[in-house]
Every structure is written in C-alpha cells, then in structure tokens.
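Next up: a single chain in structure tokens, the form predicted alone.
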Amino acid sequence: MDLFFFAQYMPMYLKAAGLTVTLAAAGIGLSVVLGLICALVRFYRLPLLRPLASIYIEFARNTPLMIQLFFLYYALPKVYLKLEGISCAIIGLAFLGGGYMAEAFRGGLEAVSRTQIEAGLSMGLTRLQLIRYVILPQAFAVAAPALAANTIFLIKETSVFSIVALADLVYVFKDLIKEGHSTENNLLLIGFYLVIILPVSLLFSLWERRLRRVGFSV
C-alpha cells in the first residue's frame, strides 16, 4: 500500500468529489421538482398534459443516461445548440431522474384516500391548500423509500459524467490509471463514493423514522 499515492492525489479526488456532489445535488433537485409536476399532472388527469407526461416518463426511464448525455453534448451542436458539459450533466440527470421521481410520487399520491380529499374539500380548502396540507405530506411519506432509492441511484449514475469531459470522480480515476497503483486508485474511488452516498442513505433513514413517529405510514 503506497501511502504517498494517497497523499499526492487526495486533493484531486477531493476536487472531483466536490464537482460530483454539486452536479448530483442540482440534477436531483430538479428531478424532484420535475417528477412532482408530472405526478400531479397524471394524478389530476389534466387533458393534453397527462399523455405528454406519460410519454416523457416512459422515455426517461427507458433510455440510459449515457445515451442522453451523448445526445446533449454531441448531437445538439449539429443543430447549433451547444451546451457546456456541466449543463449537459445537470439536464441529463434531471431528465432521467424526473421519470423515476414521477413514478415514486405517483405511488404516494395514489395512496392518499379519496375520503380525506373529499373531507378537505368539504372544509372549504382550495385545490392548492388541499395539495399543500393534505395530499403532499402523505404522498411524501409513502414515497419516502422510493425517493431514497432513486436519489442513491442517481448519485451512482453520475459516474458517467466523464463522457462529457467533466473532471468527476471517475474521470480522475481513469486519468490516474496510467500511474499504476490500481489498488490505491480503486480504494480512493470507492471510498469517496461511500463518503457521498452513506450520509444520504442515513439521512433518508432518519427521515423515514421521523415520519413513523409522527404517524405517517411508510
């Protein structure tokens, strides 16, 4: 085990980890918003928008992120629409994640009983108030495990960002392969992904326990 290798290249991995976390946070955040909008569109069966949301969800869930990134980074410039690697990564991750998040939210929304919705309407709640105070809290609680799994899945998917020339963790790993020390290099890559993913997993576990304590079923 070459400790000098760890000391020498740790700063590169730290910088790459920062980029990976930033891109993941932006992409996942947008995917949650996009997924929730699509789920609400399907839940309320909005005309015109509902079939579009369904088509988007199926397309996003059934195409690999790598293919989506290739399209954004290499195909769009052919029609004079050039995006930077960072923009491609965030858009691609949000596009992919939105489909998965939409399905997670759909399950949560469908778990809300019609009785509670009708009770809220009978109390004079507007549609927005009903969504805010009755539907979404229960939907988030039911969808929590799926949201956690999707978030971890999307963080792992950031491993393909290197194909759009971004110096993420995998990019640094591949760049240092020529230096040898494959064991140390692999340990650094695995270690940094664990450092990123384990806290996320623990935070979701705490969130689910809190939901159970306040009476929501997950």
Partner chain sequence: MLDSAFSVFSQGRNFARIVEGLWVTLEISAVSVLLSLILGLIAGLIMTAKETLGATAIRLYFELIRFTPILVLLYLFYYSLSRAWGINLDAKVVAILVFTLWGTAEMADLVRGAVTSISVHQRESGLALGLNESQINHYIVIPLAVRRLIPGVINLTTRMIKTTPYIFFINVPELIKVGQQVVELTGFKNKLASFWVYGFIFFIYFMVCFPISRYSSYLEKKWGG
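For clarity, every value in this text was computed on a predicted model and none was experimentally measured. Residue numbers count along the first chain shown, from 1.
Below, we refer to the form predicted together with its partner chain, which is not included among the displayed structures.
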{"property": "Residue among Val170, Leu166, Val41, Leu34 with a heavy atom within 4.5 Å of its partner chain in the predicted complex", "result": "Val170"}
{"property": "Contact residue in the predicted complex, chosen from Leu203, Leu194, Leu14, Ala25 - any heavy atom within 4.5 Å of its partner chain", "result": "Leu194"}
{"property": "Stretch in contact, per heavy atom within 4.5 angstroms of its partner chain in the predicted complex, of 130-138, 70-78, 111-119, 83-91", "result": "70-78"}
{"property": "Interface membership of Arg50, its partner chain in the predicted complex, 4.5 Å heavy atom rule", "result": "no"}
{"property": "Met66: touches its partner chain in the predicted complex, heavy atom cutoff 4.5 angstroms", "result": "yes"}
{"property": "Val160: touches its partner chain in the predicted complex, heavy atom cutoff 4.5 angstroms", "result": "yes"}
{"property": "Contact test in the predicted complex: Leu198 vs its partner chain, heavy atoms, 4.5 Å", "result": "yes"}
{"property": "In the predicted complex, residues of 179-195 near its partner chain [heavy atom within 4.5 Å]", "result": "Ser182, Asn186, Leu189, Ile190, Tyr193, Leu194"}
